[in-house]
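For reference, the chain that follows is the form predicted alone, supplied as structure tokens.
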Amino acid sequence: MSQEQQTLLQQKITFHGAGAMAEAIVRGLISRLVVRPQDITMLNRSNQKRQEELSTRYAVHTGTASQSLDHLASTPVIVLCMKPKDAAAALRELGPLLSPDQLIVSVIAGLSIRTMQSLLGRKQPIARTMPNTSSTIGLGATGLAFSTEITDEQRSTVMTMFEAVGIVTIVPEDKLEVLTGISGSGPAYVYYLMEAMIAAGIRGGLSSQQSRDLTVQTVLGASRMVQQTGLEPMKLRSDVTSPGGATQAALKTLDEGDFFENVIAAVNRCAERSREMGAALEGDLK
């Protein structure tokens, strides 16, 4: 175990919000031995049943934010995982409690560092993150952007936290929307492709289970081929496409529908919509 991990084992972290993404991160932190369960606190608004589930499942501390203000004032790392509509009130309440060296990690989509600091009323160190749903199984892809107040130690803490649930990529904050279009929403594009492949199999006479199993394994195998061989997707595609063969005929059909450019357009539209939603959210919070 690295010295950095030994230090992080003693790092207390509080999750302000206890939904699915917060749980995914906590599961990764505990399973990778990055943080001890007793050093993690998960707060939600009032759901006692949810608190009991998390406490039983992970042996973490739980409670409500309104009852834990003293705790929030003293914890070194606060991870904001509440819904965007609850963010303004939470940040305004949190601002007066903080000391300058407390780290805020935001998992709130669309909320800029500038707006968060404005709501806090102070230039707090903030890491803005964009994970995806595959984080729940430790295969996430998370984009990170940092405020100028972040220290090297805090940056390392955030990196280690999200490496516990997948890979991380640091980008300028204004590129987070592009990242959202690729990895944030990307799983949905792949699921949509899988839906179509399964439907094709069923229409062709395979059973639903056969179509599902074949599609899942095909997508998994293709992803692993790119990952493990280090070859570019274009090269791997070329290797399995014989001139005049069945695969080439299939790809020609996709090209006739402008598949390649449509995927790029989808990524761009996702990024554009993310910017629109962020602007609307920040307008509402003012």
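Residue numbers run from 1 along the displayed sequence. Please read all numbers here as calculations on a predicted model, not as lab measurements.
Below, we turn to the form predicted in complex with a small molecule, even though it does not appear here.
Although the partner is absent here, N132 is a contact residue: one of its heavy atoms lies within 4.5 angstroms of the small molecule in the predicted bound form.
In the predicted bound form, at least one heavy atom of S46 sits within 4.5 Å of the small molecule.
Using a 4.5 angstroms limit between non-hydrogen atoms, D86 touches the small molecule in the predicted bound form.
With a 4.5 Å cutoff on heavy atoms, I264 does not count as touching the small molecule in the predicted bound form; it lies far away. Note on the interface: of 168-176, 196-204, 117-125, 76-84, the segment with non-hydrogen atoms within 4.5 angstroms of the small molecule in the predicted bound form is 76-84. The partner is absent here, but in the predicted bound form a heavy atom of I108, alone among L94, L103, I108, A164, sits within 4.5 Å of the small molecule.
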